[in-house]
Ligand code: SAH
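Taking the form predicted alone, here's one chain by itself in structure tokens.
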């Protein structure tokens, strides 16, 4: 059958992608269909046809899935922030476990590895400690702020995201009113004109501290003293800053910071360790689940107090400091220099002295240290970005022959690829534990314990 654009079909949704699209088939030909849920029977119209797959638009639901629920957010379908709100939460967790398992089998060739059920949340809403809000104007010229529609840069006007803390709603509302009152223009991507591009809001889940950073296409915010005054009426306001980004780019943050009020960071806790978090720092967005994630990583590291640990892609030292309490020495590597500055401050503030941090790419720093200084490790922890580990880094890790590798991954496809390499070099996958970090979204964090098998 030759499928073409605008053809209409009845489709049963059999699976879902990590982006939240339903997957249905017509005569074996897969179609990706937004706004559908596993188990739905839907009428769809084909909107794009590729060689081996296509895309469809859901026209109406003929038979709803038993896992379909009414999303609590009124703009859940339009907004690209949540992909799975229309699916029962228990089914979301099952789907994520299934995706991890499928990738380990299909990409990693690890058919015999058990994937544990996902460690989920009691309440999968209001968990985010970081919110980035674009500002713009709608077709009527009204200032809007919220979140981008799926796969577009059209802003869905929504002040109260149900994944964010309620304080974000107040900050967005006050900022919109401030811009309107003083005639300050939001940024327009097409013309590269206008001033206010985004708000970055961070809040300390356990400390109640609040940070606001205004990203601007300029050097100064007009009437900024009045803006500061209004922001300081919000309980917990600790840090107010400007971030200068005058580039034509989709990258949200620029490199230059201007401090307007308070400290250049907020503090929050994971367990009994306090962390300083600056606007440019990487810090896990789900503080309740982060403790569970790091407890899992700590358990998999199997520390007795005598080990040397290398923590690669260490960010502001979150995992490093968590491990240092149980290890002889921890070395952290991170490419972002401000993050390493935060890591060193965090170590000092918590009285942790058995850590040392290096600035640079993990795939450059560790090989150089190994070749020039013959550094050793009993345990290596990696927490890379979505692209996974560079092969040069994996080569060095396996050459160092640590007893255990703990791999923390936010992308199970690149995780599976890297595990395949490591297993071929003599490491055995012992435990795989997915942890819910992005409730209502398609992604899942996964922690893997690997042990060297000298018999291979």
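Numbering follows the first chain given and starts at 1. This structure is a prediction, so every number in the text was calculated from the model and none was measured.
What comes next is about the form predicted together with S-adenosyl-L-homocysteine (SAH), which is not displayed.
In terms of contact with S-adenosyl-L-homocysteine (SAH) in the predicted complex, the residue from 241, 97, 238, 284 that brings a heavy atom within 4.5 Å is 284. The contact residue chosen from 313, 370, 147, 331 relative to S-adenosyl-L-homocysteine (SAH) in the predicted complex is 313, the criterion being a non-hydrogen atom within 4.5 angstroms. The shortest heavy atom separation between residue 361 and S-adenosyl-L-homocysteine (SAH) in the predicted complex is within 4.5 Å.
A residue is said to contact a partner when one of its heavy atoms sits within 4.5 Å of a partner heavy atom; residue 92 fails this definition for S-adenosyl-L-homocysteine (SAH) in the predicted complex, lying far away. Put simply, residue 175 is far from S-adenosyl-L-homocysteine (SAH) in the predicted complex: not one heavy atom of it is within 4.5 Å. A residue is said to contact a partner when one of its heavy atoms sits within 4.5 Å of a partner heavy atom; residue 262 fails this definition for S-adenosyl-L-homocysteine (SAH) in the predicted complex, lying far away.
Of the candidate stretches 111-119, 185-193, 70-78, 317-325, only 317-325 has residues whose heavy atoms lie within 4.5 Å of S-adenosyl-L-homocysteine (SAH) in the predicted complex.
Residues of 374-401 lying near S-adenosyl-L-homocysteine (SAH) in the predicted complex, listed in sequence order, are 383, 384, 385, the criterion being any heavy atom within 4.5 Å.
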